[in-house]
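Form predicted on its own, single chain, as structure tokens, below.
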Amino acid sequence: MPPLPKTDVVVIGGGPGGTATAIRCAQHGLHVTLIEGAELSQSLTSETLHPEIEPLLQTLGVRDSVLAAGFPRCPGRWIALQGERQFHHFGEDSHGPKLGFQVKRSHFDTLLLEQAKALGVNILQPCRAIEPLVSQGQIQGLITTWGGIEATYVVDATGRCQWLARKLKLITTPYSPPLHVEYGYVMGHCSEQEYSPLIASAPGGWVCVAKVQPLRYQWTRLKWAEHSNASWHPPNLAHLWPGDPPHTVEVTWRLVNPAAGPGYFLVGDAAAVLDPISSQGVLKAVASGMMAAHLINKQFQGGQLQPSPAARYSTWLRTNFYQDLLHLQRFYSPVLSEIATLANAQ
């Protein structure tokens, strides 16, 4: 049997967490292979990116291309949860108000993937992971639809699929009852929704509305429980033309522990999922990918880190998760009684 092709790092998933890991590892001079199951860019929900992501994009070498993409910018968000509408600013610096991005995810993800390719990352697409290669408790590569790959590290960036956590039977702890997000698009003009996103209470959860392109708006609705009203849409967009059929994704709050171990790291939603009302899913994915790449590089440089890179990463990710969890609980505590009621009824 011929030897398997070797690489320093193999990344599963071409979303923000996976590409950030691949880019930073390649910038450190490591050999990286990235596998992505989708042949073309997937239809994903648009997202609000906090201004804190901008220095990370600069480090990854994609800030200029993201700015050139012309994504809508906003200085904050309107929030109306169990009360009157208030504007929450992202803050200011010496240049004035900090501006977030309202990105089209398929376009944003493509910019990151193109940067990875430019740095020499070997992209296998479409390619799916089938089984991890494990020897004496250590991950040593993957079996994929393109064949086997031997690697010193495997990074799982498969998002809410959490592929490696399921394969390794890692402990996944839920921190909410089952939650689902439904999102859709409408076309036309809505003068009150021209600039900053709006997050407001809605029957059974909350809804976020944002302008994502000229004459195109996205609504995203979190539901504490399943509802049958599939035709529901925000009342302030009722006069606009419906776009594509709505999509639904599962977003139950959860944490995988440990998020790293012998030969592997989990980044982004593959490691932890929190309520998207925080608008920091992409930011957290990128930051976790960069942290994993940093620790992987330290190990390749021969650094004897104590505790181990896996332990350091797991502690870092777990600490950040709990901090974000507490922030979200304070942020909309008036509606948590509704979640508790539903959880007790199950």
Ligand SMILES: Cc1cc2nc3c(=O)[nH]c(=O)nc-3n(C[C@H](O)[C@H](O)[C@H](O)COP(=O)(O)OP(=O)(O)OC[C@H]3O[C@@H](n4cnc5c(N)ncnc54)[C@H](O)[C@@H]3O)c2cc1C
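Note that this is a predicted model, so its numbers are computed, not measured. We number the residues from 1 along the sequence you see.
Only in words, not in the display: the form predicted together with this ligand, which the text now covers.
- 159 is the sole member of 75, 132, 159, 261 with a non-hydrogen atom lying within 4.5 angstroms of this ligand in the model of the complex.
- When you look in the model of the complex, the only residue of 62, 317, 282, 293 with a non-hydrogen atom within 4.5 Å of this ligand is 282.
- Contact between residue 12 and this ligand in the model of the complex is found at the 4.5 Å heavy atom cutoff.
- This ligand in the model of the complex comes within 4.5 Å of a heavy atom belonging to residue 128.
- At a distance threshold of 4.5 angstroms between non-hydrogen atoms, residue 187 is out of contact with this ligand in the model of the complex.
- Within this chain, residue 249 lines the site of this ligand in the model of the complex, having a heavy atom no more than 4.5 Å away.
- The putative spot formed by 174, 323 and 327 is not touched by this ligand in the model of the complex; no residue has a non-hydrogen atom within 4.5 angstroms of it.
- Considering this ligand in the model of the complex, the lone stretch of 235 to 243, 114 to 122, 90 to 98, 150 to 158 in range is 150 to 158 [heavy atom distance within 4.5 Å].
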